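Before any questions on binding or motion, here is one chain by itself as structure tokens, the form predicted alone.
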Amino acid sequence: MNFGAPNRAYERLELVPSDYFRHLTRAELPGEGIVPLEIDLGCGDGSFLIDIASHLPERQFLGVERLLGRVRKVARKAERAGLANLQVLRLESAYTIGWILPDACISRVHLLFPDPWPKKRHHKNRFVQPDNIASIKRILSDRGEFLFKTDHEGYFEWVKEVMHECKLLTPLGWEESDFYYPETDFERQWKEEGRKIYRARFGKNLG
């Protein structure tokens, strides 16, 4: 019987920057700049991330999640699925896009069902703010995209207003049949409960 160290092969799927106080180079990120890289901000349990990475093996994916337990859970799922095109970064999303990621390194940014902070006095805590949108624009490659989903109508209207006022990215149409886009576990649950899902898509350098 082997009483040695436990097998933690999944740890290879955790991206640990050598320095948290500088922009990484593109070569330090998944795909090393050779293939398109997409990022899922606040990837949660990884249901969306695992699904889309499995469906699009020609692309690289980076999940960002601040809770260690969730990071390890996503990494274990990806390891069991045999995925070689996915890593997970344990870090806060705003810091990641503002201080860790280099310019023009991401082809798609996914922000799915973030905390809506419904009370008016808490709206300042919403992730979609002009500073974060400026960071998203900076990290997007030419013709890169920002995709957003929520079940909260008030947050959806907020996003449309912020994007209109900052004018950093161009609104794009988004029909469900336009491209493969898996649902999160929460999205499936909320649809079963009859909740409406709102989505918005924006592009860089499309004007």
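Throughout, we count residues from 1 along the sequence that is shown. This structure is a prediction, so every number in the text was calculated from the model and none was measured.
What follows is about the form predicted in complex with a small molecule, which we do not show.
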| query | finding |
| --- | --- |
| Candidate from Ile139, Ala53, Leu29, Cys43 lying within 4.5 Å of the small molecule in the predicted bound form - any heavy atom | Cys43 |
| Leu112, Ile97, Ile106, Ala75 - the one with a heavy atom within 4.5 Å of the small molecule in the predicted bound form | Leu112 |
| Glu92 within 4.5 Å of the small molecule in the predicted bound form, heavy atoms | yes |
| Arg143, heavy atom within 4.5 angstroms of the small molecule in the predicted bound form | no |
| Close approach of Asp185 to the small molecule in the predicted bound form, 4.5 Å, heavy atom | yes |
| Contact label in the predicted bound form: Cys166 to the small molecule, heavy atom within 4.5 Å | no |
| Partner-proximal stretch of 64-72, 154-162, 29-37, 173-181 relative to the small molecule in the predicted bound form, 4.5 angstroms, heavy atom | 64-72 |
